[in-house]
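Next up: the same protein chain in two forms, each one alone, written as structure tokens (structure 1, then structure 2).
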Structure 1
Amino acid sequence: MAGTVESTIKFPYKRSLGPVLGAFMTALTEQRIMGIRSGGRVIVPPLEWDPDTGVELAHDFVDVGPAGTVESWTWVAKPTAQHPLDHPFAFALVKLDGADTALMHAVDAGSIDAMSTGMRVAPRWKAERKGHITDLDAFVPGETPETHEGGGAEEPVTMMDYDATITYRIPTTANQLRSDQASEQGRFLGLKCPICNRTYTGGRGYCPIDAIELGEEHEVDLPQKGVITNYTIITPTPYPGQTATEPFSRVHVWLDGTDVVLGYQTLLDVPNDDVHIGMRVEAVWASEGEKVDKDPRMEGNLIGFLPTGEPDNTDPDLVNRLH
């Protein structure tokens, strides 16, 4: 294997809760578990709709528990980073007293030997509660809930956070590796399809038109100069990872004599008002091993493009070349 690229993606979701889940989460801050009546049944955790008919339920809430019975369970000997406890625990379906369905949650039993179907459990509450399913820290064996002094949320809970993080290790293909190496050396490596004669960058390893594999034997070095076919001025809005604060341009560059349009490139030393279609530009690279302050999304050692000063290309169809 040629190697891997590791990337960690964060998923910082903020979710609105609505009238039913919001009421449930608010009750959690008050150390209560609440269900909703659906016909003759009490559904826990509450749903907005009758699970059998899909009809919207009246907001007829009812407290259940605090204790309940384990209907089924498994023992998690090695918890993941997303699990609610960092030591071995049970995941269980707990049917709370007064409920007709089971709530999935953790049981902090200490040992697998303490677990059994039919055992009685009660909630252990967190001291700090914010209206989240993990305000219920875990169930513990027995009939007695572990509660804290103090009331619940001052206002009804309407939102919740869900933060997950996943690390991916993506294998680098041999094509990608050679393309990256070329980029480190200040070259654009292309792949020329022997059927349609189109040229591609980025070491993708196939022609998407003819759906055939392309490899080392199809590689060609591409020119460093090209023309801007289109551009956009981006006004930064705050989101995770965004560091820019002032409006900046991104340009599409059609490399001379090829079919390759490099999208969303950095244009250097040109005020936003002066960016235009037809402008002649040339790639600027950092020297090998040089550490430069550049947009991390740019490939390899490419810093961006600089105007060459040559006369503009005035072809009116340029704007249509987006890839």
Structure 2
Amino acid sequence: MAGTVESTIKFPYKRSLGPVLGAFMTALTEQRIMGIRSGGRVIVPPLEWDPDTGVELAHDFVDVGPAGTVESWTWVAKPTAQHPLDHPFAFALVKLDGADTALMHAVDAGSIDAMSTGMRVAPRWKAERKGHITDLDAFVPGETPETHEGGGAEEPVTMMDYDATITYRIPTTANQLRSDQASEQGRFLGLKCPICNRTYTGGRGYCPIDAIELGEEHEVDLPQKGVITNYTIITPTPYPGQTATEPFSRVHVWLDGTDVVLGYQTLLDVPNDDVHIGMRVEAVWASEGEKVDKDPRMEGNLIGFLPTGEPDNTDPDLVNRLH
């Protein structure tokens, strides 16, 4: 039975804020909201250039608020992990006192019935602030801000850390599910086209050469042995979740007697300097005990490949076998 697989990609990065946004974020740590003068008006949040003329603005900063008026809003009934609050709230354009433009932020009104255009709101600040727009936890109904003692930045904020994430769902076919089940059993499941006799990994649902659908009746068990056709040595770069600290290899393995090349496989117990094209290898699967403690990122129960000790394959065309 087909279904879906949900995956989340998360990666961090740092942003250089510059003198204008840096000043704005620094003010947030001090529980202040700051704008910038542009002619006869005050723009919030501050910009480096006039939005109408493109002229660079002088750093003529001015505090605004703390209270303001809701100009428009929309209700978020079912927040996700990407939203600033974990319960229903409103996103609103709030025109702070002394400002000529509106700031978009969350309003924690309690219920949709408490929201209205023209209502007065004030900031609720977080106790610990780091120089991020979320230092302002949310706006709340009323005129009085909710503040805390201390918690501001000791130095001007110049950089901002940010974790970008995206979650996506991929449909899984019956072929893919059976292939995954085979991997759990310590087998490589393939599909063999009845016309051209090419073999493919089990998750594929068609032959791209003959454009025919491949299903359960075309399945074959693939060999456990193969030869390295290409490899790369990876030098780890520190990032959240990275556990490797020393350079390691990833190899492409062409399974014997097939058209299948398994890309970027783990090569076990081989020093990086000894990895080479033509090395004969075979699959190593997790034992029952290892299955309990296996890395959740590991696909199926395949741990990696070990050298067989057999003579190398010296075919010069091996390097052309990438997939």
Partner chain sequence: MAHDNDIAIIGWNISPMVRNTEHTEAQMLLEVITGAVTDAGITRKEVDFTCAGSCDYVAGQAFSFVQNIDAIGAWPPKRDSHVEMDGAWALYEAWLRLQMDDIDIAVAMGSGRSSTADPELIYSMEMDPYYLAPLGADAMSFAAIQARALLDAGKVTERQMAEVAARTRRDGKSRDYNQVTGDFDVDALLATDYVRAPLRRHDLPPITDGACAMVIARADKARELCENPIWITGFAHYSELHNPGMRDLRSSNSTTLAAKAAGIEEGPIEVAEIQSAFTHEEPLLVEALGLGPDTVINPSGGPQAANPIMATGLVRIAEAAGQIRDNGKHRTLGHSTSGPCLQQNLVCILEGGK
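Nothing here was measured: the structure is a model prediction, and the numbers come from that model. Residue numbering: structure 1 sequence, from 1. C-alpha atoms forming the largest set that superposes within 1.5 Å between two forms make up the rigid core.
Peer 1: Of structures 1 and 2, select the one representing the form predicted in complex with its partner chain.
Peer 2: Number 1 is right.
Peer 1: So with the core overlaid, does the Cα of Phe89 end up 2 Å or more away between the two structures?
Peer 2: Phe89: C-alpha displaced by less than 2 Å between the two structures.
Peer 1: Aligning on the rigid core, do we see the C-alpha of Ile228 shift 2 angstroms or more between the two structures?
Peer 2: Yes, the C-alpha moves 2 Å or more.
Peer 1: Spell out whether the Cα of Asp100 moves at least 2 Å between the two structures when the two forms are superposed on their rigid core.
Peer 2: It does not reach a 2 Å shift.
Peer 1: By how many angstrom is the Cα of Glu282 displaced between the two structures when the rigid core is overlaid?
Peer 2: The shift comes out to 11.4 Å.
Peer 1: Taking the rigid core as the frame, how far in Å does the Cα of Thr172 move between the two structures?
Peer 2: Thr172 is displaced by 6.5 Å at its C-alpha.
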